[in-house]
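Below you'll find only one chain, the form predicted on its own, shown as structure tokens.
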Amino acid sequence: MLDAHIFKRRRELTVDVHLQMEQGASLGLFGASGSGKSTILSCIAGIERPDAGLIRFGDLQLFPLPLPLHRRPIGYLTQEPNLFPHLTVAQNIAFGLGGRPTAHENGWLADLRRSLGLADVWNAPAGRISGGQARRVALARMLARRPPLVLLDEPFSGLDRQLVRELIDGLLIWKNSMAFTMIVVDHQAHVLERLSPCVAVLERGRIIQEGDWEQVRAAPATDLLRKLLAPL
């Protein structure tokens, strides 16, 4: 179970939210740009420190007394692949495993290579692959550790629709098989809706509405939310 009360002051707003999720659940964080969505993920991941609050995942306390990044059982995927350009695709993916995968882990890496269509670039330097391929590599690197908690911060931004559909389909398959807990941030409601049946809506650092998508669409809490949910 994830139990996170995050209080974080910023120049433009103060984030103050409380999230509770059962193991294996999914949650979409939705709201306008600057509403605090990415700050929440960054605090859970340990990239930023909250000013106050409590973050627990299962038996682990992530904050206060912050747990070091390498000990956090978290997969964190953002808009930027952040690959090591001088390493091969295979080396980038294995990096999170300590660089020397076991025989069992090699079998899992082979599954990721096949599922994500990376066989043709497996031994290529990461600095020479396309942007779409780099996103696939970043996803494979995140999944290589089999994290029980996955945080996605607009990882599909700027990708063509076909690739987004393929990556979402793959994520849903892996989520069903690995049963990880997942929190997703995206500015596109239809992307979040595919990844999570439940949504928490943020405005100015606060959760203003929670529920399933049908409930939120039927009765948006604010005019701004109504506009964000309007068909393009």
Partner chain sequence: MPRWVARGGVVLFGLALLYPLSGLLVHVGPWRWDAEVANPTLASIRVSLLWTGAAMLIVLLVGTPIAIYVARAAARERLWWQSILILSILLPPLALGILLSMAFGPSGWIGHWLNQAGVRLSNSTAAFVVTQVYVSIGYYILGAIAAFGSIPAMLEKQAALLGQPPWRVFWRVSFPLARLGLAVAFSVAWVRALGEFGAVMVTAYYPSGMPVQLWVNLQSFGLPAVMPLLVVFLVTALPLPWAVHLMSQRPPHA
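Nothing here was measured: the structure is a model prediction, and the numbers come from that model. Numbering follows the first chain given and starts at 1.
Keep in mind the form predicted in complex with its partner chain is missing from the figure; the text below concerns it.
- Annotation: in the predicted bound form, residues Ile74, His86 and Arg128 each come within 4.5 Å of its partner chain through at least one heavy atom.
- Per the 4.5 Å heavy atom criterion, its partner chain in the predicted bound form is contacted by stretch 65 to 73, the sole one of 197 to 205, 25 to 33, 65 to 73, 162 to 170.
- When contacts are judged by a 4.5 Å heavy atom cut-off, Gly117 does not count as touching its partner chain in the predicted bound form.
- Shown alone here, Gly98 lies within 4.5 Å of its partner chain in the predicted bound form, counting heavy atoms only.
- Taking non-hydrogen atoms only, Ile47 approaches its partner chain to within 4.5 angstroms in the predicted bound form.
- When its partner chain is considered in the predicted bound form, Arg135 lies well away from it, no heavy atom lying within 4.5 Å.
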